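In the block that follows, a single chain appears as structure tokens, in the form predicted on its own.
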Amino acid sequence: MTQKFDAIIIGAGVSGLYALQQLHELGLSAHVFEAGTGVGGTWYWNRYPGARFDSESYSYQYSFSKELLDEWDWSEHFAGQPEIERYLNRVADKFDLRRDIEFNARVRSVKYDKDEELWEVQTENGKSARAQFVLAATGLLSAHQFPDYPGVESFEGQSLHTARWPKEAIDFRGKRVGMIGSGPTAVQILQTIAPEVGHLKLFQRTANWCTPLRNGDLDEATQLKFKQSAPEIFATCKRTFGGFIHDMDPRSGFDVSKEERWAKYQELYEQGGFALWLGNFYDLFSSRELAEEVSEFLAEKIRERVKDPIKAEKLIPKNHPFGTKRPPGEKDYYEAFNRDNVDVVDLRATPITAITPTGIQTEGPEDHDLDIIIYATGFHSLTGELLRIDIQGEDGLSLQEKWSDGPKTNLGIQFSGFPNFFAIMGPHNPATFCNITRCVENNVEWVIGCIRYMRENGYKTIETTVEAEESWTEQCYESVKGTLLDEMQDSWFFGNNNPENVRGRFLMYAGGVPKYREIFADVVAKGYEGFELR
């Protein structure tokens, strides 16, 4: 028998848990389908060595419950995956969320019944349910992917993808390990396992500008200070561009001397986290001259820290300036390359031609024999998990068909032809530049507010108009114009890892979190302008 609920949520990560808690507060019946065996989403699946926050723990946590804030203690400034997973499990237990979560239930299809004005959701294991509303809490980086090199399945050693890391510990002692990818995940893994492995080779296509995380333990006095100042911390996050505790310097870099600029860079570098990225001069994202100067500052740091000048030059990005990608936070990443057992293979010079039964083959003279291959090869960003589900709206229109020429949304929340379907962290919102939980709370609260408004005023459906959808999609494209990000067409910001139809289209909103929140509020104040309520 197909059960019926007021709302169905897809995913039990940071977004899904908060959406469920808020639906409970609203007094609605809700059911969550979760593919994993536990809650956590990103922090359930990504359990690789070294996985941790790049946002300060006390700024990432939920803000909706003072009791939760007061009773939970973070042990580190930037907590690791095991602690984050424990925190999200505490949230699920404290707010009695598990009773409405079905695990081992990957969603296969979501189809709209126009006559009944209900969505029917079916899972791969044969479960089904119907609801008036569907909230897709599928995450912006959740649809993991393997590279399309020939022979991936032929490798006879152990293959690991960072987004599907086993719960059992991996024994790296004495093993020959190859890791493909050099993004934040790869940085965290490499610096963690380098002392254990027999030999590790990083197969790097694009070097990244890494900045020190400056992590450390939190003593009781510091924990208490952060609990007491939680309202001020969250207020700061609300007014900053990315929802972090870091705020851009309102001055242009060229309002001060070069000596003052470099002193500023050093101060932010010592501060750690995203300080150098999001606490820098405001024109870092628009002035190539300034971005290249910060890049040179970091290049000098790399040359100081990596003793082998050949390795150092490989690790210095040559194809993008600092600031145009989310910088990986590191502890002793660069020092790892001073070890005799760690090397870097430049894939721009010697591309991979195949994965073989014994390792990785490149165009160079050397075949790389390996015991373990780690794929830190990323995701189909923002659209991927949605497009992997068979989502069909009014008149059988599939989301794959609708987005055949790239995604179109209104506010990153809704798509025309899909009434009462909400994407919490889909394309065309500022989440990629955002402290995720701050954006999650903002987006979930808007959706829940919308559902409350509908029920109080007797509306059954809400659907964005085509005109509003076209307008918002264009606003997202325009939001990146005039910034250095617009030159980064070969990045996942523009869907370079996604199917062909998504590539080359800016997938986010780059106007900042405060502006996004203002737009949200304005739409509500105007009676949900741009949406048709029936």
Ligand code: NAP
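This one's a predicted model, so the numbers in the text were calculated from it and none came from an experiment. Sequential numbering from 1, following the sequence displayed.
This protein has a second form, the form predicted in complex with the named molecule, left out of what is shown; the following refers to that one.
- Of the candidate stretches 97 to 105, 386 to 394, 254 to 262, 198 to 206, only 198 to 206 contains residues with a heavy atom within 4.5 Å of the named molecule in the predicted complex.
- By the criterion of a heavy atom within 4.5 Å, C210 is excluded from the residues contacting the named molecule in the predicted complex.
- Though the partner is left out of this view, G449 does not reach within 4.5 Å of the named molecule in the predicted complex, counting heavy atoms only.
- In the predicted complex, the named molecule sits within 4.5 Å of a heavy atom belonging to W43.
- Taking non-hydrogen atoms only, G279 never approaches the named molecule to within 4.5 angstroms in the predicted complex.
- In terms of contact with the named molecule in the predicted complex, the residue from S287, N435, S182, T362 that brings a heavy atom within 4.5 Å is S182.
- F379 is the sole member of Y269, Y459, F297, F379 with a non-hydrogen atom lying within 4.5 angstroms of the named molecule in the predicted complex.
- Here the marked residues Y87, I413 and R517 all miss the named molecule in the predicted complex; none has a heavy atom within 4.5 angstroms.
- Contacts of stretch 41 to 73 with the named molecule in the predicted complex, defined by any heavy atom lying within 4.5 Å, are made by W43, Y48, R52, F53, D54, listed in sequence order.
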